[in-house]
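Here you get one chain, nothing else, as structure tokens; it is the form predicted alone.
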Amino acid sequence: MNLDSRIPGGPIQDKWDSRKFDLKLVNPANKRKYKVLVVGSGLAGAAAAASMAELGYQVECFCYQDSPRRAHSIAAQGGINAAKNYRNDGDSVWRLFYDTVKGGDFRAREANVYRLAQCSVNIIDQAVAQGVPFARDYAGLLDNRSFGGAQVSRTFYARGQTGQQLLLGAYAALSRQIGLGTVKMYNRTEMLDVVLVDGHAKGIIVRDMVTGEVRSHAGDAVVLATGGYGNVFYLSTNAKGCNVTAAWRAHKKGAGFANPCYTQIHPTCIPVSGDHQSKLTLMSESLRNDGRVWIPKKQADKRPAHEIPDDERDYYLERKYPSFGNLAPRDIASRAAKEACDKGLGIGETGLGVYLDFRDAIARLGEPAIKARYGNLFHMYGKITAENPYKQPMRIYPAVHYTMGGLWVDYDLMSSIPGMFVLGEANFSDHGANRLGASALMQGLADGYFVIPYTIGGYLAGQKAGSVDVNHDAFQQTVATVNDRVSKLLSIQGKRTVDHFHKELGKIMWGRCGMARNDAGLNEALKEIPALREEFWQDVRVLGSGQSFNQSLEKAGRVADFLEFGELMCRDALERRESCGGHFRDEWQDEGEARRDDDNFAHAAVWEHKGEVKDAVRHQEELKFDNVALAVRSYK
């Protein structure tokens, strides 16, 4: 497997400019001869499709939702980072770069992160020009707030619906191109495989989710912007449709999968209330700007929160991490909450919860000010819990949220399959072992608006436009493989539902490969998952037919992929014998803090598929830190 990251030489500040100059160009008149297939229409996908169409390329865009407006990017709440230093509090491109590398526990590629920080400045201007209604201060200037892992205010926001507003901006740009005929949009269409011709990505196989028709689409390049794989845990903050299928099928065709064990646990989610739940709800990290996290000092203290005096409360984040307090990074805040609950200090009926209290902020600023900042988040919390967060503290607990691992990409965002590019959460490149809050939207838009429009041209300039069509044997063979898989799922006619197997997998993954991992648990998971997968292929019951609208079939295909991918996650977690960011091994810690092993694991682990997950080969891309010194990550 070729893992040439193709990082330009020279000072880090000049690498992106150097790369843009060195890239081959496609003549503007020739761009309309090339077709690009974009899978996914969230922030990264919509931004990429709109931008490439604006440049003149033919673009086909695919999403499994009924509209790009339904993409899961809409669920992002708190904000988007940018190094504009509007608060004059010492922010800069360099500081955002440093905070992101440190926040990722020194497991990200420096060059990609610096480019992300550079692009962040332009993203805000782009979004404002599209009409995104960012919050503004009394003078009418764009407002900022703080997020975890930073000591400056660099997060731009639109109340608690920043993702929605940014997605609508990207959707407007995409819709313009659809209207002009430069983008052909395929809604309710799911990618089921990628087609390779002479080792290059030249098309995809999709299923029309309404009619059941399996179709081939040929292009000169393929762009995957399909999000993360958090639903391997069953319960997560992701939309129920979020899945690993597109990335996993590409992996099985030769794309390296990097760091699959890097999963982010978000500390600020509504706790699980029972077995009936099929997903969890995120409460934005922005709430920790004004909310204080605490637990009772006494075990099994069941008094209402307002009856517990201050001297009997433990504001544990402020106590343990005084420099960052309640805005400690997500992985650290999540482990601190788990530690508190494991000691019997958790609140609620299950004991799996801590308080997020706005009493002091409301007393200081007044309820109208808090409502102006977080009103829709408070409304959502009240609807779900039937509790008034203005009058009593929110109850929160960590939950699976974002995934830092993904398909390996080089500096140009091209995977190890030539011609297949991967954007946003679907790739591994920018966040290391832990993502700082408000950086997901930043990466998705940077990749879509500012990176891929340049780098894809460097690839296409060396390709003959339209060299392959859907009549090529490779398409026929891949269609046959897809149809065989669909037929096999429908023919089993077992006794168990798809959801049964997904829940069982989720229990294994959360228990063995969740907030904490250890050798014994991971080895146990590597026995349990193959056994569960074998049972799935013998006893799952998929209702309906393949030639119609069939949500049972859709779920079955996705869960089948999760059952393979979960095993690779556990293998990756077992092989990474250190603790870093969201990957916390019980064996490698210093009083609850992660202990890295830079001598042996300062690299990205990239897995190559070899037929069976148990036979996958682990490769390494060594990470070099020439601009940020490797150091013990401390937020105290």
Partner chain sequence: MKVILHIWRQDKASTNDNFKQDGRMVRYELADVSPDMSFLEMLDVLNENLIEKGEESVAFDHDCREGICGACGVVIDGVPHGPERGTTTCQLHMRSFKDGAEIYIEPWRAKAFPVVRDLVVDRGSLDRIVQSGAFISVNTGAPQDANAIPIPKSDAERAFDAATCIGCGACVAACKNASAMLFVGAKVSHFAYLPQGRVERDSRARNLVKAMDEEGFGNCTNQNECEAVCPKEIPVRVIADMNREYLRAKAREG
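Here the structure is a predicted model, which is why all the values come from computation and not from measurement. Positions refer to the first chain, counted from 1.
Only in words, not in the display: the form predicted in complex with its partner chain, which the text now covers.
- Picking from 250-258, 91-99, 377-385, 415-423 the stretch near its partner chain in the predicted bound form, with a 4.5 Å limit on heavy atoms, gives 377-385.
- Taking the partner from the other structure, its partner chain in the predicted bound form has no heavy atom within 4.5 Å of any heavy atom of Trp537.
- Not displayed here, its partner chain is kept clear of Gly466 by more than 4.5 Å at the level of heavy atoms in the predicted bound form.
- Its partner chain in the predicted bound form is not approached by Asp198, whose heavy atoms all lie more than 4.5 angstroms from it.
- Taking the partner from the other structure, its partner chain in the predicted bound form has no heavy atom within 4.5 Å of any heavy atom of Asp598.
- Only one of the listed residues (Asn289, Thr182, Ser153, Gln126) places a non-hydrogen atom within 4.5 angstroms of its partner chain in the predicted bound form, and that residue is Gln126.
- Taking a 4.5 Å heavy atom cutoff to its partner chain in the predicted bound form, the contact residue among Tyr34, Phe584, Trp607, Tyr64 is Tyr64.
- Residues are counted as partner-facing when one of their heavy atoms sits within 4.5 Å of its partner chain in the predicted bound form; in 313-345 not one qualifies.
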